[in-house]
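Listed next as structure tokens is one chain, alone, in the form predicted alone.
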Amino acid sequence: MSGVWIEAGVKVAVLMGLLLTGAAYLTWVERKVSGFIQARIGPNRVGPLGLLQPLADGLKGFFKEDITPKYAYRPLFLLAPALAFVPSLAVFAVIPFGDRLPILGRVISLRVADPNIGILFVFALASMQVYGVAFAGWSSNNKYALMGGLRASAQMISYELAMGFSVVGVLMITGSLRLSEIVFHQQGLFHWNLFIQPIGFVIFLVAGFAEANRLPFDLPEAETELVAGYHTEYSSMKFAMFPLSEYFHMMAISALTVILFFGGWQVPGLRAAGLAPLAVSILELAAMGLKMGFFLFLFIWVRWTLPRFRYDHLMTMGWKILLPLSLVNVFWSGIGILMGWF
């Protein structure tokens, strides 16, 4: 029993280290990609190619003065960053990054936990992030922050429904809520849910942009209207927790997109190639990372390419386009199962 707890503790420590490092370096990647798109250089002073810039930014955040506004509601003002940060990090406890890794005479499962309600656990935790954003907006006692918090709440309600229904078709075809089972069900390239559920994939991806508050759906932060939105009054590391939670959300959406629609860590034909089990596991882990990397790049590319939506357009898309389409997709999935197409 103690061995199980030690293994789980090591997995959690490694995963947290990778996620925190990954989120820090996503800021570097974003600034480099935005610089390339806008014919600029991006970070290039701190370390080779600017690779130590995230470390410098982190140290700067720790040593900056931490200011709490005089008329803020202090308990919620202090709690809000953690409410946004912790759920977006805890989601990764059930996300599988591979099958099994044979190492040092042990076979290690490449996930912290694999509950039979994995996708429900993810949605439940992801939807809690909006509480941190809403509390940050209200507790700041600032009209711009309050408007950002209200926008985040309305946006989450509008797109969470479409996102949930977009996954229902995949769950109907797979017959399981367990994320690893969804991956195993997509054996072979043309069995990927991308080809079976293309409408569900598009809806999930668009709703994912809105869930992560990324352009063109960053209305809760819109600097042209709300200064910085819900985190206007925050400083130091309390401020840093909000963009970090956004990057965690981006990574979670990317991982879920790969798991639900792109076969997860699977590489068609790899297991039939006769390679050693360790080599297969490493290549599958690398494939999962590359697939996630593509969608992370897409998040950044879209941010620096498309303009921000107008708020009424955003609501119209959520309620009048994506939600009806997601219901049509559920209906289509039911027909396909009855007719034996899937």
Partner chain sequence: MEGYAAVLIFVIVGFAFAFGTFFISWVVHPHNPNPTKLSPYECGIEATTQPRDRYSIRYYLIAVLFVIFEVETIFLFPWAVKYQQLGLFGFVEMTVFIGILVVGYIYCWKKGALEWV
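Positions refer to the first chain, counted from 1. Keep in mind it's a predicted model, so treat the numbers as computed, not measured.
One more form of this protein exists, namely the form predicted in complex with the partner chain; it is left out here, but the text below deals with it.
Asks: Ala113, Leu327 and Ile335: each with a heavy atom within 4.5 Å of the partner chain in the predicted complex?
Replies: Yes, all three are in contact.
Asks: Considering only heavy atoms, tell me if Glu160 and the partner chain come within 4.5 Å of each other in the predicted complex.
Replies: It does: once the partner chain is placed as it appears in the predicted complex, Glu160 has a heavy atom within 4.5 Å of it.
Asks: Please tell me whether any heavy atom belonging to Phe121 falls inside 4.5 Å of a heavy atom of the partner chain, as the geometry stands in the predicted complex.
Replies: Phe121: yes, in contact with the partner chain in the predicted complex.
Asks: Against the partner chain in the predicted complex, would Lys70 count as a contact residue? Criterion: heavy atoms within 4.5 Å.
Replies: It does: once the partner chain is placed as it appears in the predicted complex, Lys70 has a heavy atom within 4.5 Å of it.
Asks: Can you work out whether Trp341 and the partner chain are in contact in the predicted complex, taking contact to mean some heavy atom pair no more than 4.5 Å apart?
Replies: The answer is no: Trp341 has no heavy atom within 4.5 Å of the partner chain.
Asks: Taking the partner as it appears in the predicted complex, which of 22 to 30, 44 to 52, 285 to 293, 57 to 65 has residues with heavy atoms within 4.5 Å of the partner chain?
Replies: Only one stretch passes the 4.5 Å heavy-atom test: 57 to 65.
Asks: Looking at Leu215, Leu146, Leu205, Leu101, which is the one with a non-hydrogen atom within 4.5 Å of the partner chain in the predicted complex?
Replies: Exactly one residue meets the criterion: Leu146.
Asks: Looking at Met237, Leu194, Ile108, Leu270, which has any heavy atom no more than 4.5 Å from the partner chain in the predicted complex?
Replies: In short, Met237.
Asks: Who in 311 to 337 is close to the partner chain in the predicted complex, meaning a heavy atom within 4.5 Å?
Replies: Residues within 4.5 Å: Tyr311, Asp312, Met315, Trp319, Lys320, Leu323, Pro324, Leu327, Val330, Phe331, Gly334, Ile335, Ile337.
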